[in-house]
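Here's a solo chain for you in C-alpha cells, the form predicted on its own.
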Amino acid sequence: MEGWSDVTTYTGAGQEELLLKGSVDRARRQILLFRVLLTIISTVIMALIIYTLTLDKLHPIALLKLIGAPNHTIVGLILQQSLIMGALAFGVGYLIGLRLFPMFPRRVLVTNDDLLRVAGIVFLISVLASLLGIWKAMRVAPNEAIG
C-alpha cells in the first residue's frame, strides 16, 4: 500500500499525532486563548470593584490612620474583602457547575486537581485585584478624616 500514490498509511501513533496536531490542537489553543482572556478580564473587573469599594471607604480609612491603626491592618481589611469575594465567586461557580454539567451533551469531568488549580488561580486573581485598592488606601492622608 505504501507504493500507491493516492493512499497513505499511518501507524496508530502516527494517526494520533496527526489528529492531535490538526483540528484538536487548533481547538485546544482557541480554548486556551479564551481562558486567558477571561482570566485577565475577571482580574480587571474584580480590581475595579475592589478599587470602587475602597473609594467609598476613604473617610473611614483616613479615620483609622488618624487613630493610629497600622498600615498592615488596613491592607489586611482590603485583602480580606477581596479574598472573600473570590471565595464566594468560586463557590457560586462550583455550585452552578454541579447543576449544569450533567445537562451538557458531552460528559464534563472535573477532577480534584482541576478544582485545586482553579482555586489557586482565584486566590491569585483576588490578591492581584486587591493591589489597586491597597495602593489607593495607602495614599490616604490621616488628616482627610477631619476635613
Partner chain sequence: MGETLALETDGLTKVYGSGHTEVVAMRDASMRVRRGEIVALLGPSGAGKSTFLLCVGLINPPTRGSVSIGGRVMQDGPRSLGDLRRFRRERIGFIFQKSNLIPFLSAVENVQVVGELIGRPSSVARRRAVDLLGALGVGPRALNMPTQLSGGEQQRVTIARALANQPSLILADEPTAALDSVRGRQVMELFREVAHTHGTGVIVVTHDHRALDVFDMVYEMEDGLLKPAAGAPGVAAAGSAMAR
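Positions refer to the first chain, counted from 1. Predicted model only: the values in this text are computed from it and were never measured.
One more form of this protein, predicted together with its partner chain, exists but is not displayed; see below.
Taking the partner from the other structure, its partner chain in the model of the complex has a heavy atom within 4.5 Å of a heavy atom of L63.
I49 falls outside the set of residues with a heavy atom inside 4.5 Å of its partner chain in the model of the complex.
The shortest heavy atom separation between I67 and its partner chain in the model of the complex is within 4.5 Å. Heavy atoms within 4.5 Å of its partner chain in the model of the complex belong, among the stretches 100-108, 22-30, 118-126, 52-60, to residues of 52-60.
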